[in-house]
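The form predicted alone is given below as one chain in C-alpha cells.
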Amino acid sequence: MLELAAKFTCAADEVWRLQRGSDEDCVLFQRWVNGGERITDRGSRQGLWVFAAGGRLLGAGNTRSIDAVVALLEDALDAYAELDETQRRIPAGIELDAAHRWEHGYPEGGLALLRLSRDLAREGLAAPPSSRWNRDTFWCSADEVSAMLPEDLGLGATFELPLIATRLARFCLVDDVRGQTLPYAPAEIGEARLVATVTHRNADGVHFALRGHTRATAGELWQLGENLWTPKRGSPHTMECEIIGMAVFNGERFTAFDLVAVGKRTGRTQFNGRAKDPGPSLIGFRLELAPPNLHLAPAFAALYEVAWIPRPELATWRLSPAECGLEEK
C-alpha cells in the first residue's frame, strides 16, 4: 500500500467549499468532477477523486475499505499510463495559489488548539474506548490572548478567560462525534467560564491551572441567520461540560495549553447521527496545542466574525446564484 501511495500526491480538503465556492480553485474542482460544468445542484462530491495534473479524471469513489481504495488507485495508474505528456501536466495559465482559504487566517503568535471528541461509556475507564470520535481546531489571535491576560501574574493570581470560554462553548464543545453538527448562538450560551490560577513560575514561564464550566441550550428556532449552516428544521439539543486543564505562558505566547472536558449531551442536529440516540449521554473532549505546521481552520471559522480571519470576496453560488451567473438545478 505504501509503495502504491508513493506514486500519488495525496491531499485532503473540505469539500463544501470546493463544491460550492466561486474562487478559481473551487471552479476548477467543480469542472473536473462535473463533466466540465459548474456544480449547481445540492448533491455532494464528498469522497475520493484521482486526477492527472492536466485535469483528466482517473477514478472516483467513496469508501473506507482499504481494499477498495487500493483497487481505485491501481485502476487510476492504469488510466494514467494511457495519457500523453500534455494530459499529465498542469495546463498553462492555472493560478495555483487560492485567492481565499480559511487557513489564511491562522493566528500567528496566538492560540491554536487541536480538539478531539469521543463518546464516553457510562462505565467509564472500565469500558473499551469508543470508536466514535472526531476532531476540530480552535483559534484565538495574539491580540485576543493578550487582552485576556492581566498585568499581575503573581503566584495565586486568579482571572477569567471569557473569550476562550465562550468560543469553546459555541464552536468547540459540540456533539460532532458521529458527524457534522451545529454551533451555538450567543443567546444559547447559558454559562461559559474558564478560570486560570497562577500555580508557579519557572524557566518555562508562568504556569496556570485551568477550571471551567459551560452550558448551552438550542431550541427549535435557529438563531444564527441565513448561512451555510442553517438547518432545514429545528433541532433542540444541549451540551453541559466540566473543564480542567493547565497552561504555560512564556511572556509572549502559550507554550502549553491542555484541556480535558466531560460533556453531557441531549438531542440531535441535522447530520450528527443522533436520530436514534437522543441521550442523555457523555462525550469527552481533549484540547492541546496544535502542531506548528497544522494550520487547519476550525469548522466554524466563518462564524467567528473577527477581522483577523479573512472572508472570501466571491460569494458561493448557493448563497448568491445570481451573483455567480448561475441558476440552481
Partner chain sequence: MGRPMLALLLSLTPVAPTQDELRLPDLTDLSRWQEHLALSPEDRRFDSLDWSTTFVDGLRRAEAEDQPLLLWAMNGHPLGCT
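Numbering follows the first chain given and starts at 1. We call the rigid core the largest set of C-alpha positions that still match within 1.5 Å between the two forms. Just so it is clear, the model here is predicted, and its values are computed rather than measured.
One more form of this protein, predicted in complex with its partner chain, exists but is not displayed; see below.
A.B. asks: Here the chain is shown alone; which of Gly225, Gly251, Gly154, Pro128 has a heavy atom within 4.5 Å of its partner chain in the model of the complex?
C.D. replies: Comparing distances to its partner chain in the model of the complex, the residue within 4.5 Å is Pro128.
A.B. asks: Decide whether Gly93 counts as a contact residue for its partner chain in the model of the complex under a heavy atom distance cut-off of 4.5 Å.
C.D. replies: So Gly93 does not count as contacting its partner chain.
A.B. asks: I'd like to know if Ile243 sits close to its partner chain in the model of the complex, meaning any non-hydrogen atom pair within 4.5 angstroms.
C.D. replies: Output for Ile243 is yes: heavy atoms within 4.5 Å of its partner chain.
A.B. asks: Check whether Ala53 has any heavy atom within 4.5 Å of a heavy atom of its partner chain in the model of the complex, and answer yes or no.
C.D. replies: Residue-level check for Ala53: yes, a contact with its partner chain.
A.B. asks: Do Asp204 and its partner chain share at least one heavy atom pair within 4.5 Å in the model of the complex?
C.D. replies: Residue-level check for Asp204: no, no contact with its partner chain.
A.B. asks: Would Arg170, Glu191 and Arg311 all count as contacting its partner chain in the model of the complex, using a 4.5 Å heavy atom cut-off?
C.D. replies: No residue of the spot touches its partner chain in the model of the complex.
A.B. asks: Which one of these stretches, 143-151, 82-90, 193-201, 157-165, sits within 4.5 Å of its partner chain in the model of the complex when only heavy atoms are counted?
C.D. replies: This holds for exactly one stretch, 82-90.
A.B. asks: Under the 4.5 Å heavy atom criterion, name the residues of 263-296 that approach its partner chain in the model of the complex, in sequence order.
C.D. replies: Contacts from 263-296: Gly263, Lys264, Thr266, Gly279, Pro280, Ser281, Leu282, Gly284, Phe285, Arg286, Leu296.
A.B. asks: Taking the rigid core as the superposition reference, indicate whether the CA of Gln270 shifts 2 angstroms or more between this form and the one not shown.
C.D. replies: Moves: no, less than 2 Å.
A.B. asks: Honestly, after the rigid core fit, is Val70 moving at least 2 Å at Cα between this form and the one not shown?
C.D. replies: Yes, the C-alpha position differs by at least 2 Å between this form and the one not shown.
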